[in-house]
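First comes one chain, alone, set out as structure tokens in the form predicted on its own.
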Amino acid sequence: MVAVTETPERQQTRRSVRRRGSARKRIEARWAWILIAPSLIGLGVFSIWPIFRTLYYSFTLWGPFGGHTWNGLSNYKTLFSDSEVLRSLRNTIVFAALSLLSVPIGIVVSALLNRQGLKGLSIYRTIYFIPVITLPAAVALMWRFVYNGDYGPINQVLGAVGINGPHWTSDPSTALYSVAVVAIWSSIGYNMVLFLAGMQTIPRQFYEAAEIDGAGRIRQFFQITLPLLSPTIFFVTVISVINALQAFDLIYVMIGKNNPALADSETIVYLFYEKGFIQSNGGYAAAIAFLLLGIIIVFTAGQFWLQRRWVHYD
């Protein structure tokens, strides 16, 4: 083996190349920070700072004219003995559980729309996606008409067959379930787009091999589509639960503050709105917001822990 002796010129060239590489990396890093700075500033001002501000407010007692004083853990102690909070929490969890029905419905609809050669496919997809691009207030107002106990289409049909339908959104026994149906209906289109995208990434070779082995469509669905779609199902489930736990607009428009069914359909976010913006009790409302944040973190962490048992990434 012949030893290579570096000349002073080669050493100088190597140091020069190293300096140019380091200078280029510093310039790239500087530009990277410049380009992401607006996003970081926006994230800090509009997301992170309000979180810490709300946390501070949750330890304060607000006066009638907007001033506030430090009162320690009093708001949090009151939370867990407040029947209104516990009732709205129960309503929120029931509403979230019902809203999850949009996941299996979205999978079935996507599987039907994913068939090769289906006529009018783009029209069906558009029809299902229309509620997603419609304003929630408009959706809620339309369903208020549909649910109307006197002249709504549902009760008109029921009346034609001799059934006296209830006042769907003002009856405490049906109000929460009626709103949940609207939430399911309006989220199917969004879920469908994600499931369709996931299904179209599954290689056709799997289905061709299954057909050669004699597997029917239903068996292919359960043994190929669902396992390979599990990452998308997991993502949609996490997003659906978070959105359902933050439900407000449908309750606000369809139920309203003077509705006799409000107590049995009020969600935790609606209670936050009522305490913070109607009763001007900002400290207690902030504590409710952090209670909701804790619930979302627990549910999301639980889903991430469970996904190791049923989500397949290979």
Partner chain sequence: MTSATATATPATAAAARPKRRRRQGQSHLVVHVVLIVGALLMIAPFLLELLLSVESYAEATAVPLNFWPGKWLWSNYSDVFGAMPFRAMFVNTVLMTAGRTLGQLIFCSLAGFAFARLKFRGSGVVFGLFLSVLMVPSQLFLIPQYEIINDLHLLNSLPALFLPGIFSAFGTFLMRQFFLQLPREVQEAAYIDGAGPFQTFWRVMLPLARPGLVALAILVIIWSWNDLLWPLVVNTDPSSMPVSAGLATLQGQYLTNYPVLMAGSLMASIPLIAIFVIFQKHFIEGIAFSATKG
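Positions refer to the first chain, counted from 1. It should be emphasised that the depicted structure is a prediction, and the values quoted were computed from it without experimental measurement. Between two forms, the rigid core is defined as the largest C-alpha subset superposing within 1.5 Å.
What follows is about the form predicted together with the partner chain, which we do not show.
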Any chance Val161 has a heavy atom within 4.5 Å of the partner chain in the predicted bound form? no
Spell out, yes or no, whether the shortest heavy atom distance between Thr126 and the partner chain in the predicted bound form is within 4.5 Å. yes
Verify the contact flag for Leu73: yes if a non-hydrogen atom of it lies within 4.5 Å of a non-hydrogen atom of the partner chain in the predicted bound form, no if not. no
Flag Thr134 as yes or no: does it have a non-hydrogen atom within 4.5 angstroms of any non-hydrogen atom of the partner chain in the predicted bound form? yes
Hey, which residues along 221-253 are within 4.5 angstroms of the partner chain in the predicted bound form, non-hydrogen atoms only? Phe235, Gln246, Phe248, Asp249, Tyr252, Val253
With the core lined up, does the C-alpha of Ser39 move 2 Å or more between the shown form and the other one? yes
Arg30 C-alpha relocation of at least 2 Å between the shown form and the other one, rigid core basis: yes
